[in-house]
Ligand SMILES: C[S@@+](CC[C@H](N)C(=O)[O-])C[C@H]1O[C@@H](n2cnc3c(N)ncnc32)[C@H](O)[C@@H]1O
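Here we start with a single chain on its own, the form predicted alone, put down as structure tokens.
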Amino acid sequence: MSAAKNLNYEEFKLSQETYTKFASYIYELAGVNLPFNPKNEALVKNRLAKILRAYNKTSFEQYWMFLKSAGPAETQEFISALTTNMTSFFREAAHFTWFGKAVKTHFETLYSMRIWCAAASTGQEPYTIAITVCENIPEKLRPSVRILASDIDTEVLKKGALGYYKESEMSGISKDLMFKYFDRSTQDGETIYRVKDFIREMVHFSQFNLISEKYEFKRPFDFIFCRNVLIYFDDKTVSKVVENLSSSLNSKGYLLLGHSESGNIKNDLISPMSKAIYQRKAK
């Protein structure tokens, strides 16, 4: 990408017509619902202005014309710009207290575990899942645990797979767990933490679009974490995604949603168990 000329992108006008084109396209690609209002208009304008600057485009309309004929890399860049990747270690910590107990119960009768973190972002959540598992099972059982970490944004997946985090990205995790599960180093005078190899080996990062028509996995999952992503979908998309997530669970498997998005979830395959935790009914 070429460097932009001295253009003041803050003065660029984003018409409602062009906004609607961008909003319709991100809905088509990722299911993200961005109805026109001042807050969403500012969000779209600010995030896409960075791409305009990088490609030296002189208007949002010019960028839209470019985007229509763009390749996969440019389309992915558009998706990355308009999807939100807010995450942290042990976010909504009560879920992990519950999950630790559920892991112990699971291994009382079963000898393997499949987990899917369906909105993995930069990796803090799937690594929190792996750490919680390791805190609650003997070391000899670790090879029997498989964690799939997926996201639509390939850039955040790359960061997650590498497992490097700055001090500012380590919020939510205790000093004891930080020492136990991370290697510490210094880079350009800044402290960097890297997830230890045996934790990274438990997690496989892969791109996945939650608005896919069907979820075709070879084997169902015992636990699915899909937290704080449904809030970006409309009711129709939420219903379809929850149906597909529930269908991807083992009999009596668990679906964990974000605390703020579980109030109106209705699906015949699952029953509410606790705050934002659902269980697949026996098959």
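Note that the coordinates shown come from a computational prediction; the quantities given were computed from them, not determined experimentally. Don't overthink the numbering: it's just position in the shown sequence, from 1.
Absent from the display: the form predicted together with this ligand. The rest refers to it.
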**Message:** Since only the chain is shown here, I'm wondering whether residue 93 would be in contact with this ligand in the predicted complex (any heavy atom pair within 4.5 Å).
**Reply:** no
**Message:** With the partner left out here, check for me: in the predicted complex, does some heavy atom of residue 228 sit within 4.5 Å of this ligand?
**Reply:** yes
**Prompt:** Would residue 153 show up as a contact with this ligand in the predicted complex if we use heavy atoms at 4.5 Å?
**Reply:** yes
**Prompt:** Does this ligand get within 4.5 angstroms of any non-hydrogen atom of residue 52 in the predicted complex?
**Reply:** no
**Asked** Tell me, which of 162, 211, 141, 81 has a heavy atom within 4.5 angstroms of this ligand in the predicted complex?
**Response** 211
**Message:** Can you pick out, from 75, 88, 191, 112, the residue that has a heavy atom within 4.5 Å of this ligand in the predicted complex?
**Reply:** 88
**Request:** Please determine, with the chain shown alone, which of 66-74, 232-240, 247-255, 41-49 has non-hydrogen atoms within 4.5 Å of this ligand in the predicted complex.
**Result:** 232-240
**Message:** Within 4.5 Å of this ligand in the predicted complex, counting any non-hydrogen atom, which residues from 110-132 show up?
**Reply:** 118, 119, 121, 125
